[in-house]
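Before any questions on binding or motion, here is one chain by itself as structure tokens, the form predicted on its own.
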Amino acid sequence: MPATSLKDEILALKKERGAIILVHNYQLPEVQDVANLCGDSLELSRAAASMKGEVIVFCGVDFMAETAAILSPDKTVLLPAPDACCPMAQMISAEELRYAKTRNPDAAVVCYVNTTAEVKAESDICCTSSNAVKVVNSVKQDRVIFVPDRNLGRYAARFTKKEILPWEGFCIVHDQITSAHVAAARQAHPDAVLLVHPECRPEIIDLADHVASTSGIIHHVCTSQKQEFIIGTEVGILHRLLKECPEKRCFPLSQAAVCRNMKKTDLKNVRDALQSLCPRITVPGEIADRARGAIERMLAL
């Protein structure tokens, strides 16, 4: 079916169902174009908790829809591509975290939102890439178990006196960006500002002109006096940059920075989810209650 016809169907169903469509910045361009809101994990978490709508269609990956279901237990939360998972979230289990806590009983647990509900339930507070430093500095303990992203944990460690104990997880997209990519991009675009995501490796952080979440990158590009930018994150963000800052020139740091799971959502399965109200994401009450505390403590900051 032509994309225009699918888009019209989606917009009609959205109105009929009283639905809101939340779309991550890494999603396909045509999916971004039917969103009520495009954003990063923090923006979408806030929206899930505050926006009015009986149905939430979450165009992202599994942990994002789980977070929406935890924050909005009375709403129907749909994940159009049910097999869209986050490999980093699968790099730690609740059992492994419980064991780490027994080994470090004096440490707070800060978990990246890129985790399962079960891991959030074992954590003191959640964070996103845009507020990780603020969250780490907010806990009273001097030692912090930071899960699951070692790169984000090490980035946060640059801005705190606390001892950070990073888990050895990573984003398979950002972790593959190398200094060779930076050198090639700098050579091709010598006047461009290099913006990178804090999920990148420390050596890439050191080479960047600015480090920010996806929404932070968009804000920087749109408000900067500069005209050219090298974008060091998943390439899906380039569509939103083109829409919001059409006068700027943005180049990917790596053409291979593609999250296959983020690309599993298309207009057809968004339409189908709105028609059937499934696949629906739910979280068992006892886990949801504990995880909600960690998420709400983050949002309260």
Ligand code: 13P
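Quick note: we count residues from 1 along the sequence shown, nothing fancier. Values in this document were obtained by computation on a predicted structure and should not be read as measured data.
There is another form of the same protein, the form predicted in complex with ligand 13P; it is not shown, and what comes next is about it.
Enquirer: Quick one: find which of 266-274, 57-65, 30-38, 242-250 has residues within 4.5 Å of ligand 13P in the model of the complex by heavy atom distance.
Expert: The contacting stretch is 57-65.
Enquirer: So in the model of the complex, does S213 come within 4.5 Å of ligand 13P, heavy atom to heavy atom?
Expert: Residue-level check for S213: yes, a contact with ligand 13P.
Enquirer: At the 4.5 Å heavy atom threshold, is S129 in contact with ligand 13P in the model of the complex?
Expert: Close contact exists here: in the model of the complex, S129 approaches ligand 13P to within 4.5 Å, heavy atoms only.
Enquirer: With the partner left out of view, is H197 within 4.5 angstroms of ligand 13P in the model of the complex by any non-hydrogen atom?
Expert: Flag for H197 set to yes.
Enquirer: Using 4.5 Å between non-hydrogen atoms, is S123 touching ligand 13P in the model of the complex?
Expert: No.
Enquirer: In the model of the complex, which residues of 106-128 put a heavy atom within 4.5 Å of ligand 13P?
Expert: Those in contact are Y112, N114.
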